[in-house]
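One chain comes next, on its own, written out as structure tokens in the form predicted on its own.
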């Protein structure tokens, strides 16, 4: 939800809270209900919506949540808008006007607290994934509330880097909410509404897990038809995605110019992806017959060790070294 300009300015002047991710595009989403998701011991029912861009192509999911995070008066409800991408990976959150997140004793989150919470939620490998609610407080150390008649335990030192200090229950509950089983429900809904446009959007994501999700459902025909998109992914993505793409693509391409284009990307690859590429083109005869003559025309792109492997493949498959 977009904050009114005057409200936003007044908050800045007062040194109040900011949303966790100021880069989130502020706009009115075109969304419709996707599914309902019941979460947590309090069985809060959350409606998840799928949102579309101006061309009507799905681009993300969102949910407006208002849920308790503990069973005593020390914890205020968490009220947020939360966003996931099409593979169910958490993207960001927005606060709602009048509903700042709070910590112990109802102290409002600072700007740094919002930033840290966003980083916590994006860490899929957080130690929060293996903790239980009972692990969150050290009952041997008592902390007295200054605002309510209550006493709680202190946060164990071992988990302080994994939570917003003073908001251990909010950190824990939100992490499990955004990274738990809702992720699978979102990805399944995406698959039920899959299209070439959705696949393309996911492949061009800046989240490598989302790219790998899309590659998982790429057919051999898709690689051939959308080769330019695949070449773009290989150029721009992380080593894991580059290597995975090279492993899965059906080589050689039917059209020779595509094989040449793939070879031209070799100098841009990381060392791991280069090794994967070399292995692909030297293992099968039909692939080697297509690529080895092309490689012979560009020997400077390869190391001495790689050229030795290539020369061995020429001999193994009895391929002529006559240049094209």
Partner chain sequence: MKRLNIFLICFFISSLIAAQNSILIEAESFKNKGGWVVDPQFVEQMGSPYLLAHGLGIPVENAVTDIKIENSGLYHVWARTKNWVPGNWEAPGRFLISVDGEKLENELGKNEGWNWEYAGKVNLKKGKNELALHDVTGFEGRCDAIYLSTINEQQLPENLKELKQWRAEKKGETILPEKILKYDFVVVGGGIAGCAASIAAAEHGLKVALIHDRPVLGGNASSEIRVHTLGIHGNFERILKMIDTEHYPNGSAEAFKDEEKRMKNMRKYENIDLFLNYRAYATHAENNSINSVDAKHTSSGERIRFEAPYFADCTGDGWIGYWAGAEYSYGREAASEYGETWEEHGVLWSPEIADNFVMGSSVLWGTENAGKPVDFPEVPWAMDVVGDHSSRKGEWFWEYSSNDLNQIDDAETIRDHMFCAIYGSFYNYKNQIPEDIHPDQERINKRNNWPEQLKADSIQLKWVSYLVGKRESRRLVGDYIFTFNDAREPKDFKDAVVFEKRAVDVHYQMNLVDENNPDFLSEAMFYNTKTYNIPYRSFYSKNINNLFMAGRNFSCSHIGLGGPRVMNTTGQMGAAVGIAASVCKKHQVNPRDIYTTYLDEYLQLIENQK
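Residue numbers count along the first chain shown, from 1. Being a predicted model, the structure only gives us computed values, none of them experimental. For the two forms, the rigid core is made up of the largest set of C-alpha atoms that agree within 1.5 Å on superposition.
We do not show the form predicted together with its partner chain, though everything after this point is about it.
Asks: Just checking whether residue 250 would be counted as a contact of its partner chain in the predicted bound form - the rule being heavy atoms within 4.5 angstroms.
Replies: Taking the distances in the predicted bound form, the answer for residue 250 is no, it never comes within 4.5 Å of its partner chain.
Asks: When the contact criterion is heavy atoms within 4.5 Å, does residue 272 count as touching its partner chain in the predicted bound form?
Replies: The answer is yes: residue 272 has a heavy atom within 4.5 Å of its partner chain.
Asks: When the contact criterion is heavy atoms within 4.5 Å, does residue 203 count as touching its partner chain in the predicted bound form?
Replies: The answer is no: residue 203 has no heavy atom within 4.5 Å of its partner chain.
Asks: Report yes if any heavy atom of residue 212 sits within 4.5 Å of a heavy atom of its partner chain in the predicted bound form; otherwise report no.
Replies: Because a heavy atom of residue 212 falls inside 4.5 Å of its partner chain in the predicted bound form, the answer is yes.
Asks: Among 122 to 130, 104 to 112, 77 to 85, 192 to 200, which stretch has residues whose heavy atoms lie within 4.5 Å of its partner chain in the predicted bound form?
Replies: Correct option: 122 to 130.
Asks: Since the partner isn't included here, can you check whether its partner chain sits close to all of 227, 261 and 320 in the predicted bound form (heavy atom within 4.5 Å for each)?
Replies: No, the whole trio is out of contact, none within 4.5 Å by any heavy atom.
Asks: Of these, 48, 65, 69, 276, which has a heavy atom no more than 4.5 Å from its partner chain in the predicted bound form?
Replies: It is 276.
Asks: Select from the listed residues 92, 237, 95, 170 the one whose heavy atoms reach within 4.5 Å of its partner chain in the predicted bound form.
Replies: For this set of options, the contacting one is 237.
Asks: Taking 2 Å as the cut-off, check whether the CA of residue 54 shifts that much or more between this form and the one not shown after a rigid core fit.
Replies: Superposed on the core, residue 54 moves its C-alpha less than 2 Å between this form and the one not shown.
Asks: Quick check on residue 284: with the core superposed, does its CA move 2 angstroms or more between this form and the one not shown?
Replies: Yes, residue 284 moves 2 Å or more.
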